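One chain comes next, on its own, written as structure tokens: the form predicted alone.
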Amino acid sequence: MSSVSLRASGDAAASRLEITGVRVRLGKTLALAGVDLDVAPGEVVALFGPNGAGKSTLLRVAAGMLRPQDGRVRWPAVAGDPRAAIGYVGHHTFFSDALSARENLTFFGRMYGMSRAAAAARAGTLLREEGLLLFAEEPVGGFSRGMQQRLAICRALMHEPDLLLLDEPWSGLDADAGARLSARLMARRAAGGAALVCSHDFEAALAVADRYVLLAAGRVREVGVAAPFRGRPQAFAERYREMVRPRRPAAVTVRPEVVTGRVATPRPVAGPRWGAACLTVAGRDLLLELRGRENVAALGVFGLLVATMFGFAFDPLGQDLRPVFTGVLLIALLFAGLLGMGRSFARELGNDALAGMAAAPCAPSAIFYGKCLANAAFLVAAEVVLVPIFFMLLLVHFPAHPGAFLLALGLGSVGLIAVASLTGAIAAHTRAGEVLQPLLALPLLSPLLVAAVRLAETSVVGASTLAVGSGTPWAGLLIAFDLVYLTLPAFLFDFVLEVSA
């Protein structure tokens, strides 16, 4: 079995994309059964095949979004992550419906290493060229299917990639937009760029393609020159039906010589720095929260309900609630945090926005920690409001020496954010994600909750941690817990993104 290779090609002039012996199994289905395919500089390759042939899977492999179980993928030689030279359009737009067209494009420009000013300028240029400038500040959730498709094409072109991977790009486009896309492909081919285009529109795809590839049952059935079939979609349809008819796997693949456009060496491009990617993801989530206020509202309302419920359940005037106060407060923050933070990944499902971020040339851990930063801001905002309310409703005085209390609250919050964010990402793509996340998170958070309650109560009940030393072991346990669950996602989140892709 050959080794899996996902790296930049050492010979930039040889190919923009080279796929050799790629096999992908999705569950029990063999989606790709040893596919060989290459795309040269200055070449457009049209990929055809029936539904379920493996076309979209092949494009996701080519985009670096899905790792094959076997085979080799080589991309252009670039400085840094090869995905920085790839523009991808899939079945989903990858956009956040609550953000405007300009905000979505600027975000993806930043995720591909562009400065904020350069991304905003490039977004304005593409919106103008696509006739969408009048809608630049409108939320994309209100766009028609065709407008969203045009915007997705703009997203793929934001960083001026050397290789375009387009899955049904003409779908939903009107005649003018379709002609504009075809003109873009021909212009990029003339400039030395390359494209792999998957489509059921024979006429449009063959009009711009140099070669075609027929894929069926996860195998390449035929590779041929597109020129003889231009303007003759019916003749190609007959050839297509003949070649994709079920047959034995040992089909003959023809590899004719094709004259391509000008060969150009790929530009030295690189993705964003790790910290910049983190801040970009966090800034987007904070902007989404300002628009919808979903997480802060969930955290705040749930916490207030718990505080009010315990205020009525106990008699703050007739009994001392300090021994149970920290447990009540931290349990309320725990459940409120799980409720709010799980939504930060669940809301990415609509347009598969998480997969769009995974296709960007940044470390998967940057996406996770960016989400954690945003979740931290939500939780701190909720704590600023809820903690004083708990003290007032339960008639407990704020500690005169609050060091242990604030330390427990801070360390407990860090662990909660890490675990809630990771389990939220895992559960988001399941059918019962809102139920599954607490089932995954609560067993993991049990030691955190116990340690935080024990450490905080030494301050609330009036004991001095420094004098007694009783809080030291609990503080050590909290620090160890936080380090473990802040470190694990750096190694696990790549797998989480791949499984959810």
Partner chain sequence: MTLLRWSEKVPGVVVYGALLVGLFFAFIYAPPEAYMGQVYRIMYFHISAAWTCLAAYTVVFVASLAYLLGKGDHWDLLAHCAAEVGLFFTSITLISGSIWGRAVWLVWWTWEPLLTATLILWLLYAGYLLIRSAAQGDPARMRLSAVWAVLSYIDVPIIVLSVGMMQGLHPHTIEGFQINMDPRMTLSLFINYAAFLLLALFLLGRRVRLEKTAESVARLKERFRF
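Positions refer to the first chain, counted from 1. Note that the coordinates shown come from a computational prediction; the quantities given were computed from them, not determined experimentally.
Although it is not shown, the form predicted together with the partner chain is what the next lines describe.
Undergrad: Among 186-194, 281-289, 229-237, 418-426, which stretch has residues whose heavy atoms lie within 4.5 Å of the partner chain in the model of the complex?
TA: Partner-contacting stretch among the options: 418-426.
Undergrad: When you measure heavy atoms, are Leu440, Arg454 and Phe495 every one within 4.5 angstroms of the partner chain in the model of the complex?
TA: Verified in the model of the complex; spot residues all in contact, yes.
Undergrad: Select from the listed residues Arg431, Arg241, His397, Arg145 the one whose heavy atoms reach within 4.5 Å of the partner chain in the model of the complex.
TA: Comparing distances to the partner chain in the model of the complex, the residue within 4.5 Å is Arg431.
Undergrad: Is Ile19 near the partner chain? Define near as a heavy atom within 4.5 Å, in the model of the complex.
TA: The answer is no: Ile19 has no heavy atom within 4.5 Å of the partner chain.
Undergrad: Does the 4.5 Å heavy atom contact test between Leu488 and the partner chain in the model of the complex come out positive?
TA: The answer is yes: Leu488 has a heavy atom within 4.5 Å of the partner chain.
Undergrad: Given that the partner chain is not shown alongside this chain, does Ala217 nevertheless sit within 4.5 Å of it in the model of the complex, heavy atom to heavy atom?
TA: Yes, Ala217 sits close enough to the partner chain in the model of the complex that at least one of its heavy atoms falls within 4.5 Å.
Undergrad: Is Val461 part of the interface with the partner chain in the model of the complex - any heavy atom within 4.5 Å?
TA: So Val461 does not count as contacting the partner chain.
Undergrad: Counting only non-hydrogen atoms and a 4.5 Å cut-off, give the residues of 16-35 close to the partner chain in the model of the complex.
TA: Those in contact are Arg25, Leu26, Gly27, Lys28, Thr29, Leu30.
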